[in-house]
Ligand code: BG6
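What follows is one chain in structure tokens, specifically the form predicted on its own.
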Amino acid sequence: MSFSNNFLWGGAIAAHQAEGAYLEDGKSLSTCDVMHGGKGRFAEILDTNAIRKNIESQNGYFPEHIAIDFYHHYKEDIALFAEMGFKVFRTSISWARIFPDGEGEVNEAGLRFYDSVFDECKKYGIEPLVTLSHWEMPIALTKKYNGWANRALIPLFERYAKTVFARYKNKVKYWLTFNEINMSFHALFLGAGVLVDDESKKEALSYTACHNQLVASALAVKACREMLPGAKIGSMVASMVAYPYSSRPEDSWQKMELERKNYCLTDVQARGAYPQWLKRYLSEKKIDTGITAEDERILRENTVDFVSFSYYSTSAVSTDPSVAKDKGTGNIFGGIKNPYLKSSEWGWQIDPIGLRVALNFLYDRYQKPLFVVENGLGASDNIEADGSINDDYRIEYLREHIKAMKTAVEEDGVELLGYTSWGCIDIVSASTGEMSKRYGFIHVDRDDSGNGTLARTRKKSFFWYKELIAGNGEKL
């Protein structure tokens, strides 16, 4: 069978990468509002001293402060999404816009903004797919509690989730809890708002923060089912397909270890319990995440309805030191450069077949419907003399990945709810803070220094994706 008639085609953004208006209408600073732009951004995220300075002093250029000003352009942008034929639009709600301090009084102006966004989507028959937490935690919670390292955030997040469920129960049918929840293993401040002053405690802080997020996620699932009986709520993981560099058994074991850790949090969200290997590992390392019998019950009884994931590239792994030194670039997950694959301008290796692998791996593992909620190519775009942008490289990337996705559905029997390409309109890159790393079907006139008119222009890929959606993925 091919894509169903109700297959959800669309695109995705995140509030912090698009909205701007970072202190407007009562919003407070969020975690992503304190990161400078530039290719060294991840190094800064990992530097607690640098982040502390950024929190206390807003000197320098912070791309998310204005981003593409979706906050004031959302009607224009959603109209363009509708012109492409979107069935679904994935975005996030900024926690810092709803509860500026993470607790205390609710900000009515923030709630009204998302009312307007979702109403605009409904005007065109577009279903919102809403992420509750996409790296937009109020910075006040880092300063007061050190973010998700503290269990105090669990009831605060539950209150936030219940607040938006109650407000948008007639407007939003599809929800996600935490974006790329496994990112907390790789960038603890980005994923969990946690600052690490003692490197020897970093691993314990990571697992503790992840556990607290898992309990909060399960409580959000519980609240969603009770308050929105017709809705669907899912998890979201950054997928990472890794190939053994050789047929050495050690390389295959390393691949398994990487995948096991990458998906262990989704295991809890989809299966309801920690995998046995992780329980043993935490015990051996004497890492106490604070898990209680009540936590275990909450996790067991509130598993997600579907599993969503991001997919951009793959990597290779090897235990051979002479090979392992040839590191891949661009992707925070690291790995070794695969000699059989081409790389993007930012060093991410392009592998459409890897998406089919990921779809089968996840469906076999969880036996739940899947949703591809991020997939795309970050590239520099050239504007021609006539104003056109001929991004054939983006069309090729998406075409080949959607072909692989189609094969997974038709030949492998994977149950897939939908597909939202990442950065359907140019936005601030999360990995680098640049505007020049563009993903969108729609060009936004804004550069890496914050200059530009913010004018929107349709790229060649805009018309290609419009035709693809109209044919329900058959015109590839």
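Numbering starts at 1 and follows the sequence shown. The structure displayed is predicted, hence computed values, not measured ones.
Beyond what is shown, the protein has a form predicted together with 6-O-phosphono-beta-D-glucopyranose (BG6); the following relates to that form.
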| property | result |
| --- | --- |
| Contacting member of 208, 318, 266, 179, with respect to 6-O-phosphono-beta-D-glucopyranose (BG6) in the model of the complex [4.5 Å, heavy atom] | 179 |
| Single option in 148, 135, 89, 157 placed near 6-O-phosphono-beta-D-glucopyranose (BG6) in the model of the complex, where near means a heavy atom within 4.5 Å | 135 |
| Non-hydrogen atom contact residue 429 with 6-O-phosphono-beta-D-glucopyranose (BG6) in the model of the complex at 4.5 angstroms | yes |
| Distance check, residue 70 to 6-O-phosphono-beta-D-glucopyranose (BG6) in the model of the complex, heavy atom within 4.5 Å | no |
| Residue 62, heavy atom within 4.5 angstroms of 6-O-phosphono-beta-D-glucopyranose (BG6) in the model of the complex | no |
| Residue 95: touches 6-O-phosphono-beta-D-glucopyranose (BG6) in the model of the complex, heavy atom cutoff 4.5 angstroms | no |
| Non-hydrogen atom within 4.5 angstroms of 6-O-phosphono-beta-D-glucopyranose (BG6) in the model of the complex for each of 17, 348 and 437 | yes |
| Contact segment among 22-30, 404-412, 54-62, 421-429, judged by heavy atoms lying within 4.5 Å of 6-O-phosphono-beta-D-glucopyranose (BG6) in the model of the complex | 421-429 |
| Neighbours of 6-O-phosphono-beta-D-glucopyranose (BG6) in the model of the complex among 360-379 [non-hydrogen atom within 4.5 angstroms] | 374 |
